[in-house]
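The form predicted on its own is given below as one chain in structure tokens.
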């Protein structure tokens, strides 16, 4: 099969990879219909994380082509959506709703789903079948549910977004934009998107943002305070993963408020005494996307939400290198790869 390989920072190729096979009775094989480039894929692409001839990709939708003997909840021919972490969905951690930290978790990025086929471990706990074969225009939205929508949704839940609350979103990538959508669906009264890019501002407003703040760092914090009578937002979503973004989120939150952080942390250190006196709640980490998949698939299937609008560039799998370049250079927010 064809699949994306990152040989070194900035070096992407599409080459022949071994076809996946059933290795465990709990495995499934899927023929991938669509995959995509994630903002977290840019960390190794930019040399911030180590990479050496690695298969790439952790977001996927497609059709089941084979199942192991122990698989019961999906069957050959089902169109399925899966999380970026495989999970058994039965351990104590999964039952508590944190499937990304399952005691048997398998990172799908280690398998690489920017490819024509993929092996999905723990298929019963990882894959959710759609009600039928989706119309073509639903596939981008279902793909978004595999990571960026589920992650944005978890960020909003972790930040205790709800009716009557003011929400600030730090980060205008795909996750931040879909956190805006989630906040709107969860009933937020006011949603402040922090963005300097006109195209992303427009999409944030389309998803439900009521205000745009272009300032960053201390100036961004001051603007949030100005918009909230000096108090700060009730709920703040951190969707970047840098020191600046985390401190901006913490300092934009009112005492007693909540920060939902889902940006993959890179060299972030929290000042203990400031955190102590902030009086805020911090909750986040790798999103337990599997917890939300049934609800998100239902919303998409009934066309109540359209998260697929976050994809602003579509390329064939063989042009994956251009997709990485476009996202690295901010010419694209989110790149969908057709397979």
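What you see is a predicted model; the values in this text were computed from it and never measured. Numbering follows the first chain given and starts at 1.
The form predicted together with a further copy of the same chain exists for this protein as well; it is not shown, and the discussion that follows is about that form.
Does a further copy of the same chain get within 4.5 angstroms of any non-hydrogen atom of residue 264 in the predicted bound form? Yes, residue 264 is a contact residue.
Is residue 271 part of the interface with a further copy of the same chain in the predicted bound form - any heavy atom within 4.5 Å? Yes, residue 271 sits close enough to a further copy of the same chain in the predicted bound form that at least one of its heavy atoms falls within 4.5 Å.
Although a further copy of the same chain is absent from this view, report whether residue 281 comes within 4.5 Å of it in the predicted bound form, heavy atoms only. Yes, contact at 4.5 Å.
4.5 Å heavy atom contact, residue 77 to a further copy of the same chain in the predicted bound form: No, no contact at 4.5 Å.
Contact residue in the predicted bound form, chosen from 286, 44, 55, 68 - any heavy atom within 4.5 Å of a further copy of the same chain: Of the candidates 286, 44, 55, 68, 286 is the one lying within 4.5 Å of a further copy of the same chain in the predicted bound form.
Any idea which of 111-119, 127-135, 90-98, 179-187 reaches within 4.5 Å of a further copy of the same chain in the predicted bound form, heavy atoms considered? Residues of 90-98 come within 4.5 Å of the partner.
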